[in-house]
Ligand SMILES: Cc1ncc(COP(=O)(O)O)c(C=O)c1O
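In the block that follows, a single chain appears as structure tokens, in the form predicted on its own.
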């Protein structure tokens, strides 16, 4: 099968694309899922691989019965797919699984690296980071320097390489590592990782990359960019329920102590002492792993590798330009981040409709147009505040004020449409027309919604039926009733 044919087949394979919901006008139809930056839908063939594995399920680390042998071999295969997908030489790099997303990997790396080189007390973090690639480094390190972006206000974004060079020149060999996103989860702005790695390595610092928002959208080459540590979440690349993945240079891992202890990561244990294994990745995967999730993630990566991430990127670039230009052309709509022509970006576009709080935009898109987007600050509060600063000042709101009241929180955020492999041109056309519709009916929409909670909104008259929402208790009740 050709790359093009396989990519088309995969695009049509996702679970949940055709799930139907009601709208205010009494109609029903399939949703338009534009919330992929939060979590992607599941790729069906990977789910089938996981389901089939469950018929053979057993723990790993044994060769003495068929099921355990198969589990061990399949889990090893999943590690190999991770390395292959990010172009990491297995002689130089090791991959291991951690937690249920990228957060566990960052916490472990921050805890270990902060102890490994105490003479290097400074860590650099870009201002675009998701909290998971910011807070762990703050917590475990003595001094953090945040690296600013280019531009200002709504166009703020893309790492400011001139300022980064100045920071490296100032702090030099006091820097332990720099943590940057491969692509922003707010604006999709892509970081020039090879250039950052060169600057870091010139002073002996490590480079940690959060690839969670890049991994499903563009090719990644750890060898080419010379990245020391890369972390991503399986639920951002069509394998919800999978663990997070960490890929690191073996010499880096061998220079630090294991952050988690337990079964499987030791060679021997006595009452007086224990001996961690030198074998990787075993040393980094204490306890019984998420075998099913790892195998499903491996299946996704294998399929995408066969299709070619360059083809995925090629498809998405046109969609980004179409959605950006379409939303930007609507009167009263603000879009955020650098222009796609100025800074390469992935398929994530944050926007606001003038007069609408971000929660109202998300609620109305759902209720009237069956379009599902995310809203808020996307766990990137400092970056979002910079993007919104001018607009918040115009409303006499201090964007940096701590302990903001609920009405401030309603203003301090955005709506975010984010693309996946399953996103079609038709989906983006519907988004643009829906935003244009809401912007043109501002007063009517405002009169039909009431605020709930800190940043939510609810239609005054429209309510979906209970059966339209997923409810595990209801499904279990149906199972028990059918079994009686």
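Numbering follows the first chain given and starts at 1. Everything numeric in this text was worked out from a predicted model, so none of it was measured.
The form predicted together with this ligand exists for this protein as well; it is not shown, and the discussion that follows is about that form.
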Tell me, which of 236, 412, 120, 137 has a heavy atom within 4.5 angstroms of this ligand in the predicted bound form? 236
Can you pick the one in 103, 290, 334, 319 that has a heavy atom within 4.5 Å of this ligand in the predicted bound form? 103
Any idea which of 245-253, 349-357, 178-186, 389-397 reaches within 4.5 Å of this ligand in the predicted bound form, heavy atoms considered? 178-186
Residue-level contact is defined here as any heavy atom of the residue lying within 4.5 Å of this ligand in the predicted bound form; does residue 37 satisfy this criterion? yes
Applying a 4.5 Å heavy atom distance criterion, does residue 361 contact this ligand in the predicted bound form? no
I'd like to know whether residue 171 contacts this ligand in the predicted bound form, with contact meaning heavy atoms within 4.5 angstroms. no
Indicate whether this ligand has at least one heavy atom within 4.5 Å of a heavy atom of residue 126 in the predicted bound form. no
Residues in 205-229 that come within 4.5 Å of this ligand in the predicted bound form by at least one heavy atom, in order, are 210, 212, 213
